[in-house]
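Just one chain is shown here, as structure tokens, and it is the form predicted alone.
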């Protein structure tokens, strides 16, 4: 009986969500993301050619054999775009995981404990946050070098303060709520209060920030690769292909930058729509104020 009641409530909540404007926005974003994720996972099986090898004449425009044309080395651009999605999503996801693993625990401790620890952590995170994101990522990437893990760490350094600031501010207000005081009065220790009562109430904000950071991380990764600080060639990468293709744009070889650029734009749009829709649904006051 309870299981049936819960399933009905969950189904009703989902129907209400998808009928709302924010739900439709999040759904469109989710569809875009699912398409890219499936394409990335199945890239080795659905790409018609090896993305690192010459498979045709250089500078071949889009045709029935090469849907997105070929680059200056005769590599199939459609295959490179498909495999490039794997690199972009992998680095973005790894960067966000590292950033959240640093920012969330520090934000919980800083907001809950307060005092000198809070002041020191806030000062450090604000100092990092004040740097322009791409410039800071360039500096870290120049020190660490190329590679998936190194680029992910470079991007994570940029976004760790975002998680810290969001979590710290929410914890600072939540720790004075009545249910937290009641748990403390019943003898619950600080770790129990943080994990059982405080963390579940800040997780909705983490979901929104995470999806927004994924979009930013993809653009940052593309920027690093464009500048030669990302994945080393011939590994397919959207940022590198943009950098490579822009040299030949005056020769009217437009397809070399058009399709990697569109891939970045559409994927970032998917993350943005999903995060904006979730933000409006979880924080309905935001949409009303706008």
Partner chain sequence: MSLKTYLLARVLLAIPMVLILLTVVFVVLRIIPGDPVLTLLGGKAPIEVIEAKRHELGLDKPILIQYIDYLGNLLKGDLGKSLLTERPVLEELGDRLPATIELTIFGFIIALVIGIFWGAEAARRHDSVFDVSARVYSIFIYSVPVFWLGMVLQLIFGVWLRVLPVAGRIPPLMEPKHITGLYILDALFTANWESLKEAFRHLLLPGVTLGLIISSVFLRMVRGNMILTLSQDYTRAARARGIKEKSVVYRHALKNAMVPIMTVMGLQLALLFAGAVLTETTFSWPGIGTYLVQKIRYRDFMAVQGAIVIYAVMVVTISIIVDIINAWIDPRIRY
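Just so you know, these numbers come straight off a predicted model, no measurement behind them. Numbering follows the first chain given and starts at 1.
Absent from the display: the form predicted together with the partner chain. The rest refers to it.
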Task: Full three-residue contact with the partner chain in the predicted bound form, heavy atom 4.5 Å, for 127, 272 and 276 - done: yes
Task: Contact label in the predicted bound form: residue 223 to the partner chain, heavy atom within 4.5 Å - done: yes
Open item on the list: Considering non-hydrogen atoms and a 4.5 Å limit, does the partner chain approach residue 140 in the predicted bound form?
Closed with: yes
Open item on the list: How about residue 246 - does it come within 4.5 Å of the partner chain in the predicted bound form, if we only consider non-hydrogen atoms?
Closed with: yes
Open item on the list: Can you tell me if residue 219 lies within 4.5 angstroms of the partner chain in the predicted bound form, counting non-hydrogen atoms only?
Closed with: yes
- [ ] Choose one stretch from 82-90, 186-194, 96-104, 119-127: the one whose residues place a heavy atom within 4.5 angstroms of the partner chain in the predicted bound form.
- [x] 119-127
Task: Contact residue in the predicted bound form, from 234, 62, 56, 261 (heavy atom within 4.5 Å of the partner chain) - done: 261
Open item on the list: Can you pick out, from 113, 207, 144, 180, the residue that has a heavy atom within 4.5 Å of the partner chain in the predicted bound form?
Closed with: 144
